[in-house]
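The chain below stands alone and is given in C-alpha cells; this is the form predicted alone.
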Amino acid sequence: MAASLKNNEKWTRYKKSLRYSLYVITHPLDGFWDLTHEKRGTYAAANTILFLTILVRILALRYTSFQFIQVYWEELNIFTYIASILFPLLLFVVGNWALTTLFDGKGRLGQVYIATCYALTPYPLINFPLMIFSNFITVDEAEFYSVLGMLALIWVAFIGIFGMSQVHEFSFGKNILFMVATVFAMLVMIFLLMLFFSMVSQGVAYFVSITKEMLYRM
C-alpha cells in the first residue's frame, strides 16, 4: 500500500513537472527561477522533453514532405544522427556549468541540464504539427513553413538564454557573455576530444604494428 502511494506521488509530481514546461516557455523569468530554486522541474520530465525532441527530429526525416526535406536513407546512420543531437547538448551543459562555476554561477550541473531540456519544449510543440502540415502545402507556401521552423529555434534560444540567467543568478549582460564563452568552450572541448582520440588511434595502430611485426618474426 505504501509503495503504491509512493508511486502515485511520483507519477503526480512527474505530470506536474512536465506540464510546468508550458508555463516555463511562456514565463521564462519566473518559470526558470521556480524550476530550479523551487524544484518545480524533474529529471524525468527533462528526459521526456529531450526524448520528444529527438523523436520529432527523427519522425521529421520520414514524414515531412519531400518538397521541404530530402533524406538519403542509404547514407543515414540513425545512431550517428541521434548522437549529433545529444553530443552538442552534453557539451553545452558541461561547458556552461564548468565556466559559470569558476565565476560564482549558482547553478549545479543537474540544474543546468534540466533547464536546458525544458528550454527545448517549443521545438517538438511546433515542429510536430509543422511536420504534418508540410504535407498539405505547396512549394509556393514554403516560406510560411520556414518561418515557423525558424520561430521554434528562436524561441528555444530565447528562453534558453533567460533560463541560464535565472539558474546562475547572472545579470542579462553577464549571462550573454557566458553564453558566448560557452560556445568557445564547446569548440575547445571538441578539439581536445579530437586530439585525444587521434592520439589513442595512433597509439593503438603503433601497438598493432609492433604485434604484427613480432608475430611475423616468430
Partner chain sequence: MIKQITRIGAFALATATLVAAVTVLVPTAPVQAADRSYTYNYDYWGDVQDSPDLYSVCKVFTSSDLKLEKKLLNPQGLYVHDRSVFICDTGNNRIIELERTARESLEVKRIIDSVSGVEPATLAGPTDIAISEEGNVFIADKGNARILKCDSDLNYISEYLKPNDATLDQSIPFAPNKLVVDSAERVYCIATGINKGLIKYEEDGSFSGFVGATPASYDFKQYIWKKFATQEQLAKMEAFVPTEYDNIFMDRRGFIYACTGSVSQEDLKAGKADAVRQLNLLGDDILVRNGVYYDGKFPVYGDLYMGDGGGYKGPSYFSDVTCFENDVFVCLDKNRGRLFSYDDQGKLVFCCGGNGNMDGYFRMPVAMDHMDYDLLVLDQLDCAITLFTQTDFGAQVFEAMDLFDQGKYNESQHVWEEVIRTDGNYDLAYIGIGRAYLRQKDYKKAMEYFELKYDADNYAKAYRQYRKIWVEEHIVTIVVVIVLLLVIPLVIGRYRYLKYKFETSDAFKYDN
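In this text the structure is predicted, and so the values were computed from the model without any measurement. Numbering follows the first chain given and starts at 1.
Same protein, other form: the form predicted together with its partner chain, not shown, and the subject of what follows.
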Q. All three of Thr12, Thr26 and Glu143 touching its partner chain in the predicted bound form at 4.5 Å, heavy atom to heavy atom?
A. no
Q) Taking the partner as it appears in the predicted bound form, which of 149-157, 45-53, 177-185, 61-69 has residues with heavy atoms within 4.5 Å of its partner chain? A) 61-69
Q. So in the predicted bound form, does Glu75 come within 4.5 Å of its partner chain, heavy atom to heavy atom?
A. yes
**Q.** Distance check, Val139 to its partner chain in the predicted bound form, heavy atom within 4.5 Å
**A.** yes
Q) Would Ala83 count as touching its partner chain in the predicted bound form under a 4.5 Å heavy atom rule? A) yes
(Q) Asn135 versus its partner chain, in the predicted bound form: is there a non-hydrogen atom within 4.5 Å? (A) yes
